[in-house]
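What follows is one chain in structure tokens, specifically the form predicted on its own.
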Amino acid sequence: MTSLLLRNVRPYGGANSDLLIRDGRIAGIGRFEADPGMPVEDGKGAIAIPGLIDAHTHLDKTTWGMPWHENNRRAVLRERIDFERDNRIAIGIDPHRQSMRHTIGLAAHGATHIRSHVDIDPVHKLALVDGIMETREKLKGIIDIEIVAFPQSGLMVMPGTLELLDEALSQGCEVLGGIDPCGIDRDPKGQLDALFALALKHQKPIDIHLHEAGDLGAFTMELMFERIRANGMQGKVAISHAFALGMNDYLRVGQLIEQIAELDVAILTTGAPSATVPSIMRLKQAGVRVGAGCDGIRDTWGPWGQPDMLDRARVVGMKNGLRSDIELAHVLHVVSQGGADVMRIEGYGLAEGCNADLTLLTGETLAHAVVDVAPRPLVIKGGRVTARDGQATVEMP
């Protein structure tokens, strides 16, 4: 934690102000003189917002910085999962090195917090979690990483995975993950009962990948709602992707959103261009907590993606068909405050007393900042400069 005077910035695109930072927190917004010996940075009129948040990514998967990975497989979920699990060591995807590259890229582009799903299965056991935990420790003070114990290959179809998830939660994973109870495990009751029991045992929140679309995804959501009510887990469950909320049945989706809002279920979107996605504006109107993430980037699943949450904001905005300034400002909210709301980050914001985790953006307005393709002028974590003009203060391995 440190102190800093950040001059000449526009909080949320408003009036030009200074931000006074003491001991890693925002001590004041207005006009100030620097304390003796206090570092001073000139924001040059840039927009200041709280740090961007990648609330759905996979730090253990990227091939960023490695030789080009030739992808010649079908875009079938089960095939991609199995190929990655069985070939990642031969390909050379070291979880620590690659997660360092992914994480430093996010930090350079203005992120201060990450929620990462990390694969756990009987083949690799907790080796991938260990690699991400090493990255988390090395980048402490640069960016915060929350780890989801994620049974990517399935739970019921991969004996021994439940015990590994139990161990991972005991060793410091903050969230319990899951994936497609019908599509992957073909046993929604068995999977969901096991996950909710394990979450209750460790008093951890749940974040389930739900690629299941249409009525199948709606059915799975309803099974989740039943268990949230029965176990008193309101406000402790997130659904990632939630493709079923993008189906054409407006009334059916509305009924699901009503229950999502009632049970305080969070939704995490990546704006997946190849799938139906939930409407972030409809979820906003219902008062649902919504965050976003860059998902996997340049990995064995596909060549797309950047370690940059403004790039992802543009993807989400275009997929949602958003054009007005107020809509684009909401996209920025989703990749910042929205992620904080989903992850329950304490002290997040741009007000006196909040943690001094923030990023500066180019542009005249919040909407302009979303569409302006430019490096982040400055990123600050705990009052310390961690990136400048798109370059992190730590080197990429």
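The first residue of the sequence shown is number 1, and the count goes up from there. The model shown is predicted, which means the values in this text are computed figures rather than measured ones. Throughout, rigid core stands for the largest set of C-alpha atoms superposing within 1.5 Å between the two forms.
The form predicted together with a further copy of the same chain is left out here; the points below concern that form.
Practice task
Let me know the one among R227, R85, R97, R298 whose heavy atoms come within 4.5 Å of a further copy of the same chain in the predicted bound form, would you?
Solution key: Only one listed residue qualifies here, and that residue is R298.
Problem - Option touching a further copy of the same chain, based on a heavy atom within 4.5 Å in the predicted bound form, out of E222, D311, E258, D215 - result: For this set of options, the contacting one is D311.
Handout entry: is_contact(N71, a further copy of the same chain) in the predicted bound form, heavy atom dist at most 4.5 Å
Key = Taking the distances in the predicted bound form, the answer for N71 is yes, it comes within 4.5 Å of a further copy of the same chain.
Practice task
Using a 4.5 Å heavy atom cut-off, state whether E364 contacts a further copy of the same chain in the predicted bound form.
Solution key: Contact check for E364: yes, within 4.5 Å of a further copy of the same chain in the predicted bound form.
Practice task
Find out whether any non-hydrogen atom of P188 is located within 4.5 angstroms of a further copy of the same chain in the predicted bound form, and reply yes or no.
Solution key: The answer is no: P188 has no heavy atom within 4.5 Å of a further copy of the same chain.
Problem - Contact of D372 with a further copy of the same chain in the predicted bound form (heavy atom, 4.5 Å) - result: Contact with a further copy of the same chain, yes.
Problem - Segment that reaches a further copy of the same chain in the predicted bound form - one of 140-148, 101-109, 233-241, 316-324, heavy atoms within 4.5 Å - result: Correct option: 316-324.
Exercise for the section: Give a yes or no on whether each residue among R22, H202 and G382 has a heavy atom within 4.5 Å of a further copy of the same chain in the predicted bound form. Expected result: The answer is no: none of the three residues contacts the partner (heavy atom, 4.5 Å cut-off).
Handout entry: Sequence-ordered residues of 261-294 touching a further copy of the same chain in the predicted bound form, heavy atom within 4.5 Å
Key = Contacts from 261-294: P273, S274.
Handout entry: Per-residue C-alpha change between the shown form and the other one, G14, threshold 2 Å, rigid core fit
Key = Not so; G14 is displaced by less than 2 Å.
Handout entry: CA of A374, rigid core aligned, shift of 2 Å or more between the shown form and the other one
Key = Passes the 2 Å threshold, so yes.
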